[in-house]
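Have a look below at one chain only, the form predicted alone, in C-alpha cells format.
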Amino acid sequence: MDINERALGLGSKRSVIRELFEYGKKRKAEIGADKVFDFSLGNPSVNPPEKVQETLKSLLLTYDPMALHGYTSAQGDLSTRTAVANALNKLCDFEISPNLIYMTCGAAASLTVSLKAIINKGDECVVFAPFFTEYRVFIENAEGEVVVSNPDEKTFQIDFDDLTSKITEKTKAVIINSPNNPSGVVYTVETIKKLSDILRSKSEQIGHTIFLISDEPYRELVYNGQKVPFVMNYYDNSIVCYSYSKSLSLPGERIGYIAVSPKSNEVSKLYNAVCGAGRSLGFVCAPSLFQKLIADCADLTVDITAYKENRDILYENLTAYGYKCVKPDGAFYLLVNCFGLDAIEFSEKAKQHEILVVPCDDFGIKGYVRIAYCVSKDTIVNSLHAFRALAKEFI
C-alpha cells in the first residue's frame, strides 16, 4: 500500500500514556471506576475560573454569531494577541509586542510550528530527560534529529557537563520544560543562567544561533512561592510555547500561543518563519471563540490548592511506604523510582493492584514511573492502601 510508513507507525501504536488511559477506561467499565486508580493522563481535575464560564456564556449570548465564529487573522486576532502580550509582560517583567505573538491550537501546535520554523533537515535538537514523549515525534516530523541530555539524578536539574558534550555543529535548538512533565521539577534561576551562558558560548563557537525553546504549559502551577524564571530575561534567541490547557483547565479546547523574543537575531525573519510554518502545517486562525475568551481571561489562573493537597498526601505517604520520589515543585506529576525494577514491569505489577502509572522509558529515563495526581482527592486517599500493598512486594 502506498502510504507514509512513519505515519502508519504513529497511528498504529498510541503513546504509552494513551495506551494506559484506554486500558483504564476498559478496566473501569469492567469493575467500576471507583476501584481503578488511574494516574495515567495529565487531565486537569480543577474547574476553570468562574470568570471563564461567565465569559463563555456572555460571548455566546451577546456576540453576533458570524463575528464570534468567523475567521480571525492567521496569526490570531490583534485584541487577543494584545491581551496575551500584556498579561505576559505583567507576569514576567518583560516587554513583548503583540506582533510577536502567534495564537495556536495548544502547546503541541506551538512546539510543532516553532520547530518547523527553525529546523532544517538533519539539524539536531537537544531535549533534557525526562522529557514529554511527543517531543521526539515533533522534532522528527520537522526532519530534525533528537539528542537526549541526561539529568543530574540527585536534583533533576540540567547536567551541564552532559549537555556540553551533546552540543555539536548540527545543534539548532534546545527544548526545556519547566515545571517539568514528568518530574514536576522547576529549573532554578541558576540553571537558566548557566544554560544561557553555555548556549551563547556554543552559538559563537559553532558560528550559528542555537535557539532555546521553552515549553511552558505548567508555568503558573507552582507551589510554596516558587518562581519559574522567564527565559527571555536570560537568553535572547528564545521562543516560548504556551497552552491554557492547565492554567485555565481547558485541555480540550486547544488554545495557546507562541511568543518570539524581541531580542532574537533577525527577529522579523524569525516571526515570519513562525507564520510560514503555521501556514504550511495548516495551523492558522486558532479557534475564534476561545481566542475571544482569552482576550478577557489571559491573566487568570486556576486555584491550585487541590493539586498541592494531592501532592502532599501522595508524596508524604509514598515516601513513608519506602518509595523514592522526586518532590515536585510544580505541575501535577510525581516521578517515582521503581525499586530497581524495569519501569514497564513495575507498571504491570501496579496494574495487579488496579494502579495505573506511566513507565518513563519513552520520557528518556529508565527505572521510573509517572503519577499524574491531577485527580480527585478521594482517588488519592483511596489508592493509598494499594500503593502500600505494592511497596510490600519489594521491601
Ligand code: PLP
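The first residue of the shown sequence is 1; numbering continues from there. Please read these numbers as outputs of a predicted model, since none were measured by experiment.
There is another form of the same protein, the form predicted together with the ligand; it is not shown, and what comes next is about it.
- Although the partner is absent here, N181 is a contact residue: one of its heavy atoms lies within 4.5 angstroms of the ligand in the model of the complex.
- At least one heavy atom of G106 is located within 4.5 Å of the ligand in the model of the complex.
- The shortest heavy atom separation between Y235 and the ligand in the model of the complex exceeds 4.5 Å.
- The ligand in the model of the complex is not approached by Y323, whose heavy atoms all lie more than 4.5 angstroms from it.
- The listed set S214, Q75, S261, S243 contains one residue whose heavy atoms approach the ligand in the model of the complex to within 4.5 Å, identified as S243.
- Distance criterion of 4.5 Å from any heavy atom to the ligand in the model of the complex singles out N177 from the list N310, T80, N177, S247.
- Site residues F132, Y218 and R254 are all in contact with the ligand in the model of the complex, judged by any heavy atom within 4.5 Å.
- Considering the ligand in the model of the complex, the lone stretch of 295 to 303, 204 to 212, 220 to 228, 108 to 116 in range is 108 to 116 [heavy atom distance within 4.5 Å].
- Residue Y333 is the only one in 326 to 340 with at least one heavy atom within 4.5 Å of the ligand in the model of the complex.
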